[in-house]
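First, one chain by itself: the form predicted alone, in structure tokens.
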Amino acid sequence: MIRLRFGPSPTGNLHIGTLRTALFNWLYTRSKLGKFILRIEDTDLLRSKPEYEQNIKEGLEWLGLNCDEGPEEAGDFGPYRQTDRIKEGYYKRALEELLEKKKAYYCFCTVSDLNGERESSKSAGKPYVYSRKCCALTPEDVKSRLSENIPYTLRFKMPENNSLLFKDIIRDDIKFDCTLVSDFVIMKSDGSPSYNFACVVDDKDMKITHVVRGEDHISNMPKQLAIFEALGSPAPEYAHMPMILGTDRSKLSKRHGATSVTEYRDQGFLKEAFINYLSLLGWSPNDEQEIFSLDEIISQFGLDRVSKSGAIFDIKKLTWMNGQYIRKCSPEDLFERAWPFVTDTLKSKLTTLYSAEDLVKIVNSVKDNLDTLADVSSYIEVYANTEDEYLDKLSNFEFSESDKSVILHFSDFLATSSDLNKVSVDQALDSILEKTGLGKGKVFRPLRIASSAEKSGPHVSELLAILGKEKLQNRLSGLLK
């Protein structure tokens, strides 16, 4: 069984790039009936915050990216938070193993010492590689310095290989010049493990079979593969995804719409649309289809169809797709999703004027107008206008003789109608179109304005049916006078 992990650092809110990583890991495990593991990588003790971890969890929960194992789920390979793993000695035991194998060593170099080395390399026009001078310390030297409480780190001793070749699932063969890789710190001066070290120890202990992550991690490969080898453990298979770029092909930033994932939720994006759009950022389905159910995405998803080139995040395309999903909602589903976005003042007015059944119809009548659920208030407030507000807006419009003829025809229909609903209104509109020989625009527009004092808004037949016979007769008769 394949096992994949999503390892966010709670040093900020969950953003598009990190979420896309989580989604691709989740989709791959679901497509292969594997396990999806959430691991909180919080070894950055100064920047990690509980509120950021909560935001990450909220984003995953909103989209339904459920974990099989994690900090709050059962699992045989926990704990799943790195600070807890520090307390339980997982990294300490691995460090002791590397020290015993002479694959790691104590380093007592100060910041000043290291800066001096870097300056020397810069002056010589060479890339900086740590001098390894602490690797030459005898056990007695190390013991003496430890007894004096001299601050230290622990460094991993890179093997003498000149080059490293590994096969990436997405990018095929990738080669590194290992002579440029320094012996790197695996335990920091505060006693916490470095990212590359903790990541490998956890992947080994949690039996991770595949690592799917962004291409910015490719540079970590020589270090991580060397640690796996030193610990005598086979490495997982790796797949490095393309970066997400803005529409100008620069690094994704807030000006491109990159914001906390939960903010998209709060702006009225549907989770289905969000997952659908995000899944297409770097992955290509089997054909030109763009709108997919989650089951369809899972059934087609594979790492073999993930692109090597950067994926473009376009907020306009996401918004368009969101509108498509809104239009697929049933009236009841749309009401349940959109009603929380209606302002409290408007809710109060509408619930006073209309029945629960009509409130569902009101929200559904603007379905075709909505790009996000947050747009709903601006479109349905027409139903809450008082007569004074209606008359004030109506004063901005003039009606031609043709307009008045259409209004008169509809007034005649109202006079004989006993049951006003969308079906009967549609029939009346068809009859007016036939009698007058006018196009839809010249029939629908005057009726919309005459009934609501708005040039656009809800579907016209639903608008007329919901406003009701009494209100329409009062408004239209007053206008015809």
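Throughout, rigid core stands for the largest set of C-alpha atoms superposing within 1.5 Å between the two forms. So that there is no doubt, residue numbering starts at 1 and follows the sequence shown. Treat the numbers as computed from the prediction; the structure is a model and nothing was measured.
Keep in mind that the form predicted together with the RNA is missing from the display, and what follows is about it.
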Quiz item: Do residue 459 and the RNA share at least one heavy atom pair within 4.5 Å in the model of the complex?
Solution: yes
Quiz item: Might residue 35 be said to contact the RNA in the model of the complex, defining contact as any heavy atom within 4.5 Å?
Solution: no
Quiz item: With the partner left out of view, is residue 68 within 4.5 angstroms of the RNA in the model of the complex by any non-hydrogen atom?
Solution: no
Quiz prompt | Distance check, residue 385 to the RNA in the model of the complex, heavy atom within 4.5 Å | solution = no
Exercise. Could you tell me which one of 372, 377, 260, 194 places a heavy atom within 4.5 Å of the RNA in the model of the complex?
Key: 194
Self-check item: Heavy atom within 4.5 Å of the RNA in the model of the complex - the one residue of 88, 266, 290, 392 that qualifies
Solution: 290
Practice problem: Would you mind picking out the stretch of 93-101, 393-401, 362-370, 135-143 that comes within 4.5 angstroms of the RNA in the model of the complex, counting non-hydrogen atoms? | Solution: 362-370
Quiz item: in the model of the complex, do 328, 412 and 471 all reach within 4.5 Å of the RNA through at least one heavy atom apiece?
Solution: no
Self-check item: Heavy atom contacts to the RNA in the model of the complex at 4.5 Å, residues of 206-234 in sequence order
Solution: 215, 216, 217, 218, 219, 220
Quiz item: For residue 448, is the CA shift between this form and the one not shown at least 2 Å following rigid-core superposition?
Solution: yes
Quiz item: Can we say the CA of residue 173 moves by at least 2 Å between this form and the one not shown when the core is superposed?
Solution: no
